[in-house]
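Read on for two forms of one protein chain; each stands alone as C-alpha cells, with the labels structure 1 and structure 2.
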Structure 1
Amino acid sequence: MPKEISFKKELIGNFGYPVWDNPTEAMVEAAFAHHGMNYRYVTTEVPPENLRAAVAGLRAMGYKGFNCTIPHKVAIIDHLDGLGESASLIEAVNCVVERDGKYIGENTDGKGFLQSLREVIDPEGKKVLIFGAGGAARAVSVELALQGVEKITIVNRSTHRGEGLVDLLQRKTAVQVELKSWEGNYPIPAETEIIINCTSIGLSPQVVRVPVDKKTLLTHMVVCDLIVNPPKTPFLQEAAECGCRILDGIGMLVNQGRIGIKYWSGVDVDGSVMRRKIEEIYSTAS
C-alpha cells in the first residue's frame, strides 16, 4: 500500500487593528515548532467594520480558534456562540476556542498577568492602581479582585468608560473600587502598592512616557506595564530610577499564550521557548 501523505495543519488566527507590530505569531509558532505540532498561527489585520466578515471567514475555513486584540475584545462578543466563565465575568474576550463546532470566547489576559505578577508580589490584600479602562484593564482588574486585593483605583481620561469598569467590578466582585479622572501628570497615592499601565501609552512607534508625577513613585511600589513593544517602556524606566520593582509585559504575553495553546490543542507547551523568542525579537530590534 502506498504511504498516506497529508499536509493538514490546524489553523489559529489573530485579529487586531492595528496588529502588525504584535509578536504573538512568532512566539506561538516557536512553541508549535519546538513541540512538533501540526498547527499554524496566522495574524490578520481586521478593521472594526470587517469583524463580522472575518469571523465568518474563519468559521468557513475551519479554524480551531483565534486571539483578538485592540480594538475587538468587547465587540467580538456579538459574533460568538457563547462565553466561557472568564470572559463572562470580565465581559471581554481575547481568546476564542472552537468547541463542538461553536466558537466560545475566553479571556486569558487576566490569568496570564496574575501568573506573571505572582513572581514579583502576592496581590492579596494589596492596594492597586490601574491606568486605563479598556479590555486589558477589565481582565486584569477582575482577576485581581477575585484574588482578594483590598482596593482597586481606576484612573482613566474617559469618565464614561471608567464608570463602566467600576460598575463591572461592583457587580461581579466584592472589591473596594473607585474611579479617578486622569489629567496631567497623575500623582500616585503613597499607600498604593501595585501600579499597572493597561493603556497603549508607550507602545511603539509612539514610545512616550505614561503621564505620572515621577516624585510619587516610591520604593515600596511594584510598577507593571502590559506593553511588550518595547519591553522596557519609559514608564518602567522611570519607575526603576525611582527604586520601584518593575514588571514588563512579556511574562503576561507568554502566560496567556500558553493558556491559549492549551485551549486550542490540549498541549502544555514550554513557556521558556516562547519567552526566548520574544526576547530575541526585541533584542534584535533595539
Structure 2
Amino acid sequence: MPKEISFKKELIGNFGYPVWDNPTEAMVEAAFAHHGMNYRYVTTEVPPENLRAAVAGLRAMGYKGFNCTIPHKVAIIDHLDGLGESASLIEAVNCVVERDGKYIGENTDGKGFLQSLREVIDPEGKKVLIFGAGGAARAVSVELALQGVEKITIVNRSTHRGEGLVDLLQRKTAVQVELKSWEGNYPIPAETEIIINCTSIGLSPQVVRVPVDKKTLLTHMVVCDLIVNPPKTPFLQEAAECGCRILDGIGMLVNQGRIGIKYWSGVDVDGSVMRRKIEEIYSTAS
C-alpha cells in the first residue's frame, strides 16, 4: 500500500503595517527548512481597520499563531482570549499562540533580548541606562526589572512617553527607576554598567549616531543596540572604539524568533541558522 502524503502545512502569520521590511519570515523559514518542519510562516500587511477581520480569518483557517508588529502590538489585545505573564506586565503583545483553541498573547521581545545579553553579562544587580521609551524599551526594561537589575535610568526625547514607562515600571516591578531628559550629547554616568539603545536612531536609511558624550563611554560598560539594520550601528562602532563590549540587535531578533517557534511547535530550533540568514540579508543590503 503506498504511503499517504499530506500536502497540508501548519501555518503561522505575521501582521504589520507596513511590514515589507520585516525580515522575520526569511529567518523563521530558514529554521523550518533546516529542521525539516512541516510549517509555513506568512507575512501579511494588515491595516489597523482590518485587524479584527484578520484575526478572525486566522482562527477560521486554523493558524497555530502569529507575530504582530507596529502598529498592532497593543490593539491586538482586544482580539485575543488571554495574555501570558510578560504580555500582561508589558501591556503589549508581539507573539500570539494557539493553546486549546484559544489565542493567547505573549511578549517575547524582552525575553529574547535578555537571552542575548546573558551571553555577554549577567544583568542581576547591574545599573542600566536605556535610551527610548517606546514598545521595545517597555519590553526590555520590564524583563530586566524582573531579572533583578539594581537600577534603570530611562532617557527619552519626549517626557510624556518617558513618564509612561517609569509609571509602568513603578506599578509593576520593584526596580529603582528614574527619568532623565535628553538634550545634546548625553553624558553617561560612570556608575552605568549596561547601556541599551531602544530608540530607532541609527535605523537604515538614516544611519546616524545616538547622541552621547563619547568620552563618557568607559571600558567597563556593555553597550547594546536593538537595531538590526545595519547590525553594526554608528553607536556600536563608537562604543567599540572606546573599548566597551558591544551587543547587536540580531541576537534579540533570533531569540524572540526561537521562543515563538518553541511556543507554536514545541521544537527548539538552532539559532545559528537564523542568525546566518539575517547576516546574509543585511550584508547584501549594505
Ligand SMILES: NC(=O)c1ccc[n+]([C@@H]2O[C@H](COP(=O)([O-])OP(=O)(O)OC[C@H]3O[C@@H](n4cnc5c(N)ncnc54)[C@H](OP(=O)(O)O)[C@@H]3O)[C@@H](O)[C@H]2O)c1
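It should be emphasised that the depicted structure is a prediction, and the values quoted were computed from it without experimental measurement. If you superpose the two forms and keep the largest set of C-alpha atoms that fall within 1.5 Å, you have the rigid core. Residues are numbered by position in structure 1's sequence, first residue being 1.
- Remark: the form predicted alone is the source of structure 1; structure 2 originates elsewhere.
- Treated as two rigid bodies moving between structures 1 and 2, the chain carries Lys126 and Lys214 on a single body.
- Hinge motion between structures 1 and 2 is captured by two rigid parts, the smaller swinging by 12° against the larger on C-alpha superposition.
- Summarising the core-aligned comparison between structures 1 and 2, the C-alpha atom of Glu49 is found to shift 4.1 Å.
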